[in-house]
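Listed next as structure tokens is one chain, alone, in the form predicted alone.
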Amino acid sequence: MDALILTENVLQALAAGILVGSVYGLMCVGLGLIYGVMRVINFAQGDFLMLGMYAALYLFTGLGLGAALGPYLGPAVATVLGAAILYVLGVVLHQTLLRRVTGIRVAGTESEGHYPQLILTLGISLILANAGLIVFGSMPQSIRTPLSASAWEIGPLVGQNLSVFLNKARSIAFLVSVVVALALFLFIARTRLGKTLRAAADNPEAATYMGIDVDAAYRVAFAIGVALTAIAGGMVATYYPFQPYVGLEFVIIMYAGVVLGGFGSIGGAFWGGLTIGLVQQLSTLVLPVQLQNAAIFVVFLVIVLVRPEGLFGRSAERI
């Protein structure tokens, strides 16, 4: 019986790790896309996640999407609509601020503009977090549906004694994250705009000679990266309470996932986030919940020591 209980616990942790890790993976893909194309380390990415959470919440409640579309489809539609708003915000921020410290105009300068980029994105992060506290207040919020407190049962798998339970809200978040990630990979690989982003990432100067507007490509990449993380935020909001400083909790996970997968590789970023989700959930079998992040960084350090380029990265890989 003890072996059966242990097996059930391991399977349950694996299932939870895959569900949670897929959402982490989408967060990491947003950050990885921005870095892969623009070579910008965006400290404000966690705050865009927070804005995605609040946008999904207010759209879900304000438009009555729960009553109109039900608990399964309503949060997903609210999340996509919120991501569209964050896409526009990303375009505006790039056009007004980031374009001044990225692209051809900083090529050849000292540090290639990285120092101004770090200060600028850190400033944006502080402004968004504190503005969120003023506008939204400090009270934790969540997108309330019956799904967060219910689960699907898989099994019994062995006789009548072993089953795995999948939280419904996390399962919907998993499906949305996988679909969006696959759509992005197809977009990057198959579409003309996706190939333009890859060209701007590989060699901005040569892309300019070929008639590609590098600034426009960077603007699209930044806005898509923001929107992807906003989608992940909206999905997390269906099962995790949040407040204006929640971005700090997740931005560390994002960076760890991107580095694990291979900086500059969006495919690797997704697998890096999935790896973190699995480590986080499996660690609860032997460690208290408070030490989940410690387990993540122990595994992170081991992987970086063995493969400094990341699990799925190459030394010169970009998206």
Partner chain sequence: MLSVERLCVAYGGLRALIDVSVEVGAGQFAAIVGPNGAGKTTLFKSISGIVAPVSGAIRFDGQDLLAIAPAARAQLGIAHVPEGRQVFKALSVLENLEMGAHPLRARALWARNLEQIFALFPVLAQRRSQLAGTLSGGEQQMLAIGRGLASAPRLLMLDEPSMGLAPTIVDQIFERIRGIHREAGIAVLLVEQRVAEALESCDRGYVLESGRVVLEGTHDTLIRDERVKRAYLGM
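Residue numbers count along the first chain shown, from 1. The shown structure was predicted, so the numbers you read here are calculated from the model rather than taken from an experiment.
Not pictured, yet referred to below: the form predicted together with the partner chain.
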| query | Of these, 163, 141, 148, 196, which has a heavy atom no more than 4.5 Å from the partner chain in the predicted bound form? | reply | 196
| query | Which residue, 95, 243, 208, 171, has a heavy atom that falls within 4.5 Å of the partner chain in the predicted bound form? | reply | 208
| task | Could you confirm whether residue 153 comes within 4.5 Å of the partner chain in the predicted bound form, counting heavy atoms only? | result | no
| request: Verify the contact flag for residue 81: yes if a non-hydrogen atom of it lies within 4.5 Å of a non-hydrogen atom of the partner chain in the predicted bound form, no if not. | output: no
| message | Check residue 183 for me: does it contact the partner chain in the predicted bound form (non-hydrogen atoms, 4.5 angstroms)? | response | no
| For residue 89, is any heavy atom within 4.5 Å of the partner chain in the predicted bound form, or not? | no
| remark: Here the chain appears without its partner; judged in the predicted bound form, the stretch of 68 to 76, 224 to 232, 211 to 219, 174 to 182 with heavy atoms within 4.5 Å of the partner chain is 211 to 219
| request: Would you mind checking 177 to 192 for residues with a heavy atom within 4.5 Å of the partner chain in the predicted bound form? | output: 189, 192
